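Take a look at this single chain in structure tokens; it is the form predicted on its own.
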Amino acid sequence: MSGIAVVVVILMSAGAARKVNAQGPRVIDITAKRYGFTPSTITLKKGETVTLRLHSEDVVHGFFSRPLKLDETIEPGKTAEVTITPQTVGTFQTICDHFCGAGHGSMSMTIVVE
């Protein structure tokens, strides 16, 4: 029995209601650039596994949200990825936590979990 089949059997036997996406989690590309993130707002669904693929167009930025347990460093020319499955509905601010210049304090984006 393959590893994937074992995971499916374990989830089914545990009574898990979660669907297994054969194509993997949805991927959202996020670009950091002085002094903001693009897109500035994303919407996720509670319980949905999503991969955030992070890029920087200029300098080193951070991607931090304490409630969502996100803390990534985004280096120019590299891609950072974080996969999350939010379990709480709400609106959460994600900030840059690496000093990136004069406008650093206003660099944030919004993650809405429905």
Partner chain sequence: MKDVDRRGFLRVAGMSIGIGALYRTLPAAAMTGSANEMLTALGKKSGEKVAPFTFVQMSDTHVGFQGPPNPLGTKAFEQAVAKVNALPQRPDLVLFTGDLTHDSEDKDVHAARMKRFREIARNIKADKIVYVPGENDAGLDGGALFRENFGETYYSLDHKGVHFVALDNVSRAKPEVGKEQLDWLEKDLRRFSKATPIVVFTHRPLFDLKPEWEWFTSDGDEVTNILNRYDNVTVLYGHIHRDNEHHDGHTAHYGARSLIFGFPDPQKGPEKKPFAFDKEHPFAHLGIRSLDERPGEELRKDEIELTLREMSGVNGVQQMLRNPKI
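Here the structure is a predicted model, which is why all the values come from computation and not from measurement. Numbering follows the first chain given and starts at 1.
We do not show the form predicted together with the partner chain, though everything after this point is about it.
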Please run the contact check for K33 against the partner chain in the model of the complex: heavy atoms, 4.5 angstroms, yes or no? no
Report yes if any heavy atom of G101 sits within 4.5 Å of a heavy atom of the partner chain in the model of the complex; otherwise report no. yes
Determine whether any heavy atom of R66 comes within 4.5 Å of a heavy atom of the partner chain in the model of the complex, and answer yes or no. yes
Would you please decide whether E72 lies within 4.5 angstroms of the partner chain in the model of the complex, comparing each non-hydrogen atom pair? yes
Residues in 82 to 98 that come within 4.5 Å of the partner chain in the model of the complex by at least one heavy atom, in order, are Q93, I95, C96, D97, H98
